[in-house]
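There is one chain below, alone, in structure tokens, taken in the form predicted alone.
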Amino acid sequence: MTLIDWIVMIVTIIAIPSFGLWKGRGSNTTSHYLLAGKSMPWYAMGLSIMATQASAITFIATTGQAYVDGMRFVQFYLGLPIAMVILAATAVPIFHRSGVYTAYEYLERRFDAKTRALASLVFLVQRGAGVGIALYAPAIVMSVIFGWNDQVTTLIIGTLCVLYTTMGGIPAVTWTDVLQMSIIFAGLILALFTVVALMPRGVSFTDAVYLAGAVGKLNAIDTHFDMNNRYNLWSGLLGGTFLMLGYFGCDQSQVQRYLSGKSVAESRLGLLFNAVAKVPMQFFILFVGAMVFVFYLFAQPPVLFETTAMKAIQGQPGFTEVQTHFDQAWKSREQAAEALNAARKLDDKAALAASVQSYRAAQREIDGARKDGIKLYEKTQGHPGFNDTNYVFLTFVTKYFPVGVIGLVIAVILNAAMSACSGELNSLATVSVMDIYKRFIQDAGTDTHYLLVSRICTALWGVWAVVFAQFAKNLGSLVEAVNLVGSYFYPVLLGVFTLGFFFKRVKGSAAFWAMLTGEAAIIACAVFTNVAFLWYNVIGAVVVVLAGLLFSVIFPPTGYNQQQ
């Protein structure tokens, strides 16, 4: 990077958290620290809810996902608008009326202490893993730019996250998210304009769209029903809806956002903002990745996008053959793409059809050459399951973006990582203090005492995130990994909250054992079937509800809490 890039990056990285800390000043009570005194306007909640999910993973992994697998990943989000409308009508008024700090506090009022404790534990396990995955994303950035190892990177970013989250609490996190998302939107638009401008002469925007579509990179919707296929219309609408209901309705990192709202109406507006904006944003990010794919039709990419992996195989027996095969395959694909681009401008359907077939064959050939490079790395380094999807977009940015823009994009990605991690750390601290420490360890402390414990828990979860981040490198595409982890746990939470909201006859013991039954069903699906992970959300939640109704017969209610 140039000096200008460094200046832009450093100024942006410092300015955004500083703004959050300034807006979060005065967090000297537990209510203000954890819920912002319920003073947040709808647009701040809406952008913060989006920012918590739109971590660095979104920009690093989602663009790479489109490069490798096309835009079909957008189907993952098709259920989100449905989930937002349902939650705005149900969860928001119930949680606000309950006057709780956490979603799981509601479960004790509705069921019993053991159900609350189990739900809190489920949240802490899955969100603790999620924050580690989110924190690993900046390690990829630093690896590309500086060649730093994972431990150094995650320690630096983790320390920064802990500092401003510990100091400012949820107000600092939320207002940081507001500024962060504003810059992210601008950065995404700038990224698209940049990649289109870098296309070679003779390749227009419409040409690029056609070339991407000719090999299926723009196939966003797959209507074929297949429960073993991760991304199709049905898994998105059904599995995606259940996952989004679990995430936005039962995950404290999201519930805490709309609990901080001024009113039920403001909180509803925050969720409905996401219903309108989230899917187009994800579509746009995936489209940028598809355009990066087209760019690399005419500018030769490396065999492996991860620099350290590429260096590791250079000089190894068999590398020369792999590189030669890749060079030839890329040249053939470039020529096929140029021929197709020329043929589509002529009125010759036969020539166009032949050009399309040649282009697709060339794409299959270069895919095979890349797989040979991956196999060589796995064989020589002893690292099975290698995946460099997360490095595609950053490699493009650092090599081809103009001066100044590189620094801005890198700063946006790093700040997105810190923004998402800070929100998750704050929610982990909230559950740790309110649902575990205050409920089971020290229930007679002062507000000052709980505020101190909240800060300590934030720091401890930050340490955990740094440690767990070291395991994220083996999880492949981070955007898939974080949602796969969530799909093991969110269905259980969604099921028990569904029982709490709508099935008043079900009491504590029935709900507790239903959660365990649902988790067992999810594990069984993962171990014994090839069902795609989005369907875990449907299966797990349905099993919890049915088991809860069954167990309510075994554990008949002799008097249940109707708190809602």
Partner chain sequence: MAKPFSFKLPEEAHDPEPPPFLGTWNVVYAAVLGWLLVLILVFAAFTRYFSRFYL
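Numbering follows the first chain given and starts at 1. This one's a predicted model, so the numbers in the text were calculated from it and none came from an experiment.
Keep in mind that the form predicted together with the partner chain is not shown, yet the notes after this line are about it.
Only one of 427-435, 407-415, 322-330, 265-273 places residue heavy atoms within 4.5 angstroms of the partner chain in the model of the complex, namely 265-273. The contact with the partner chain in the model of the complex, taken as any heavy atom within 4.5 Å, belongs to Asn219 out of Ser182, Gln335, Asn219, Thr159.
Taking a 4.5 Å heavy atom cutoff to the partner chain in the model of the complex, the contact residue among Lys375, His383, Lys114, Arg360 is Arg360. Not displayed here, the partner chain is kept clear of Gly128 by more than 4.5 Å at the level of heavy atoms in the model of the complex. Residue contact with the partner chain in the model of the complex: Trp464 places no heavy atom within 4.5 Å of it. Using a 4.5 angstroms threshold between heavy atoms, Ile94 counts as touching the partner chain in the model of the complex.
Although the partner is absent here, Phe528 lies well away from the partner chain in the model of the complex, with no heavy atom inside 4.5 Å.
Contact annotation for 271-290: residues with any non-hydrogen atom within 4.5 angstroms of the partner chain in the model of the complex are Leu272, Ala275, Val276, Val279, Pro280, Phe283, Phe287, listed in sequence order.
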